[in-house]
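Below sits a lone chain in structure tokens, taken as the form predicted alone.
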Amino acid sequence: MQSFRFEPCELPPAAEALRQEVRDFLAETLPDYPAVKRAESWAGFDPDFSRKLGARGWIGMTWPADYGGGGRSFFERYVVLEELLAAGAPVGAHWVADRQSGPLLLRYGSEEQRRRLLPPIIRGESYFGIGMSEPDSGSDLASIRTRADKVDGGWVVNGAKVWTSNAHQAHYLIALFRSDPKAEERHAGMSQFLVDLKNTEGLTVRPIRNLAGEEHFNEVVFEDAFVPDDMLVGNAGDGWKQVVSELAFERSGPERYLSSYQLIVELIREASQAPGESHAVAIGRLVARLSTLRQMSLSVAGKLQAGDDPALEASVVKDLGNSFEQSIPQIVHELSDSEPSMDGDGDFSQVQAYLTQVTPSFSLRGGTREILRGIIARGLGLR
């Protein structure tokens, strides 16, 4: 029976030394960035901003220098991410590639794939999507039905992926397909593939409009789409092992508790106009929860730095962080007399309206609450 542990972790001086550098960069680069745009957090998509980060060496920070990476620590990367997210910087273009696609290729990709694909990511010029979820599959990733059938020189793919963030703007998709439909074990017979979203015939990307009117999610449909052999990631049949590893990359970072941070900022500004006890109590509780989640997330960063596997702890951070992020609009609504409105005059009203609409999706991305709690229960020997 396993137990999870969140060992206390402090950022070393070399990491903290970066903080003011990032703040100065953000003050210079985003001086008049609107509060409602900052509320988009890591969903904000701005290729020019991503290229500026790449030029500073703040993408692929922990990756080997052989591929153009910074060879820096997970702690230094954590500081940069924390400052970017706290400022609401538009990091969405390169986010998936930096957080998980690149690390996946470093672990399982071929040398040719790493040499070809990692440098453009590091420069902030190449963007990736995640091809996991499928229509009618719910949260059961093992039930995917999109097939990759082997042919001369590659694979022919038929099926669909859904809720694929930024697929309409990304260059590549790392997708999980069923490559051996005869495999008896439900977690067997799957493989991961790199899909060129700009140059693959038989592939259609259909944006899905969300409650806030954004076309952030997409459905990606494959109709006899050909994927060459050199786009197979790792070994055929190892897809499940690889995708579980990939999911661990996206469940513990500061994005798992800072996605609604701009609303806390606006609440404090609003409350300062007429401070009262109810505001002080609510803000104090929010800050206490935020601080606790930050310490837990830092502990996971420490495990990554030490080369440990933090999959269980990462699931806990993601579950608790999502619950925290989703609770903030309701807490703010109970404290405020004004109605949230995207057409409102002030930042407070607009940010509140935006996050009220988008927070329901926070517990879907990176694994639903039910899936995460199943992982946690299994890790604790409870199922």
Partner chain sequence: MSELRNILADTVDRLLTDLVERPTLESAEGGDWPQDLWHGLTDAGLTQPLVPEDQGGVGAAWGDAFEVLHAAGRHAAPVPLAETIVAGWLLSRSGMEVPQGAMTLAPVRPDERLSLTTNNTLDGAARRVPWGGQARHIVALAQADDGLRVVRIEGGSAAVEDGENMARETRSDLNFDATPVAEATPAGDGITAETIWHLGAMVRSAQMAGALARLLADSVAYANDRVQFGRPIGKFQAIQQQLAELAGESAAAAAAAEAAFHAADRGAAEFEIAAAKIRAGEAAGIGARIAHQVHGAIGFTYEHHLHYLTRRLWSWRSEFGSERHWAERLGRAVAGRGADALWGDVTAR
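Positions refer to the first chain, counted from 1. Just so we're clear, the structure is a prediction, and the values are computed from it rather than from any experiment.
The protein also exists as the form predicted in complex with the partner chain; that form is not presented, and the subsequent description refers to it.
Between 218 to 226, 67 to 75, 261 to 269, 116 to 124, the stretch whose residues reach within 4.5 angstroms of the partner chain in the model of the complex through a non-hydrogen atom is 261 to 269.
Proximity of A288 to the partner chain in the model of the complex: non-hydrogen atoms within 4.5 Å are present. Not displayed here, the partner chain is approached by Q295 to within 4.5 Å at the level of heavy atoms in the model of the complex. At the 4.5 Å threshold, heavy atoms of V358 stay clear of the partner chain in the model of the complex, well away from it.
Among heavy atoms of G276, some come within 4.5 Å of the partner chain in the model of the complex. Checking A142, A86, A212, V244 for any heavy atom within 4.5 Å of the partner chain in the model of the complex turns up a single hit: A86. Site residues F193, R206 and D238 are none of them in contact with the partner chain in the model of the complex, judged by any heavy atom within 4.5 Å. Contact annotation for 296 to 329: residues with any non-hydrogen atom within 4.5 angstroms of the partner chain in the model of the complex are M296, V316, L320, listed in sequence order.
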